[in-house]
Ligand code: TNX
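Read the single chain below, which is given as structure tokens and is the form predicted on its own.
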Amino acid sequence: MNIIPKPVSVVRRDGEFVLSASTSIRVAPAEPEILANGQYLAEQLQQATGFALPVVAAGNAPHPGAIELTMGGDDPELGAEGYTLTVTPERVTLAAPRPAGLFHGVQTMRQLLPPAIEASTAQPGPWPIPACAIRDYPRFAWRGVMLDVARHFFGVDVIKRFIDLLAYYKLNRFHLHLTDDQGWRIEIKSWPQLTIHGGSTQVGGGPGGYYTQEDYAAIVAYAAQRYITIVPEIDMPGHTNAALASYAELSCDGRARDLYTGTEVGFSTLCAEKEITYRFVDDVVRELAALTPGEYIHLGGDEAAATSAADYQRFLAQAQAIVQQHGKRAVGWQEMGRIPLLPATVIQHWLVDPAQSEATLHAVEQGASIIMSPASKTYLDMKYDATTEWGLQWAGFVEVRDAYEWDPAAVLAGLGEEAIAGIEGALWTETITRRDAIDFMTFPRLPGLAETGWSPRAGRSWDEYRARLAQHGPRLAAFGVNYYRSPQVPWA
């Protein structure tokens, strides 16, 4: 029972259910979203088993040999994402109050099967599921990962594969860092040079790239089918050299900046004094909001050393208001906590220096909820150790145990769990140029972060977790993930 994240409750029972060619998937009610969950399960099982499992409406009586997905009830403890999973030798019953719970339960069901179930080619089987009763729901509502596609660009196929891996571990937020000094990666039709010019390069040079609005819509839809909310970030007023290179009028001196392919930070700023700056922000947010059904737009706000304190406050006061005018909630990095916040704004804590924590605490005093992303625990671009090929080490080395063995409610004195929206890992890509590097830096730290966000604190320990994680090595291999074989884990 090596499930990650660890469920709230697992009771092992005698026997097993054996998946076979005669198994059917039965759903109730037979509504489009529930049928879609059943079809998703069938597709995940077919590649390795070769079984074309039918997805049909459930009858009034339980059906022997079936996997049943049922939605109903109003259990407040299960909430919007919880589920129950009951496995007997006769049938599998997955039940949830909401469709997202069914989807999360499907991931648990996959992890109960042998690791070869995740292979993309036919495997010999057999396909037993151990008999058990599972009751499960998340600790935190926000469980996410950020991927920086601005320093280095990654295409739609890489993004979709990454989303699939997030979903497998019950993560529900995917934060896309779409703009930075080195590249602008999302098409804005009213400001076309942002991508034509600003998206034409990346760290170290190279061709860069960007998502058309159709590309972005496809990513959003793909994530939504997996109950993951896309959180797009347009970093402002700093980290904006790509925009300033594309449109000279956004700088205070009216001079277009050269494209930038280095890795320094803190040297660029939008001009807070110009009216055109706020027209620019409004256009960008308007187009992005129309493409983003999720309720959040991330404004960045970090490392704005080239912006005066007065201009910083002036700019982000208007930027927050613009986000709300377009029906979204603003998210900002920790530095934004120092300024007055609108009631719905969310703050993301990341800085390592405890002396800088007053910004987060000030945000809490204003009623903001906090996403916990302490760099020394959650930054996936930190090296595992001195031998790691990729990554940085300004926040220290972050081994697998470091990424697992922390509690979001114990990071800052004075910050209680009631103020925490959830947690988020972050993969910055100054040194990440390939998919296999994304894999290596993300796995196997991501499962531990996912468990920190989902599972109750009580009843977990590193020694118990590392044994479960070891059994996920064959699963990651079956997915084709180039994961780091940490010496801290007794890999299967």
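Because the structure is predicted, anything quoted here is derived from the model rather than measured. Residue positions are given as counts along the sequence shown, with the first one as 1.
Keep in mind the form predicted in complex with the ligand is missing from the figure; the text below concerns it.
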property	result
4.5 angstroms heavy atom contact with the ligand in the predicted bound form for residue 234	no
Heavy atom of residue 392 within 4.5 Å of the ligand in the predicted bound form	yes
Partner proximity in the predicted bound form: residue 151 to the ligand, non-hydrogen atom cutoff 4.5 Å	yes
Non-hydrogen atom contact residue 443 with the ligand in the predicted bound form at 4.5 angstroms	no
Triplet 265, 333 and 379 all within 4.5 Å of the ligand in the predicted bound form via a heavy atom	yes
Among the candidates 405, 164, 303, 249, the residue which, in the predicted bound form, approaches the ligand to within 4.5 Å (heavy atoms)	303
The single option of 185, 143, 239, 104 touching the ligand in the predicted bound form, heavy atom within 4.5 Å	239
Contact segment among 424-432, 51-59, 38-46, 66-74, judged by heavy atoms lying within 4.5 Å of the ligand in the predicted bound form	424-432
Contact set, 152-171 vs the ligand in the predicted bound form - heavy atom within 4.5 angstroms	none
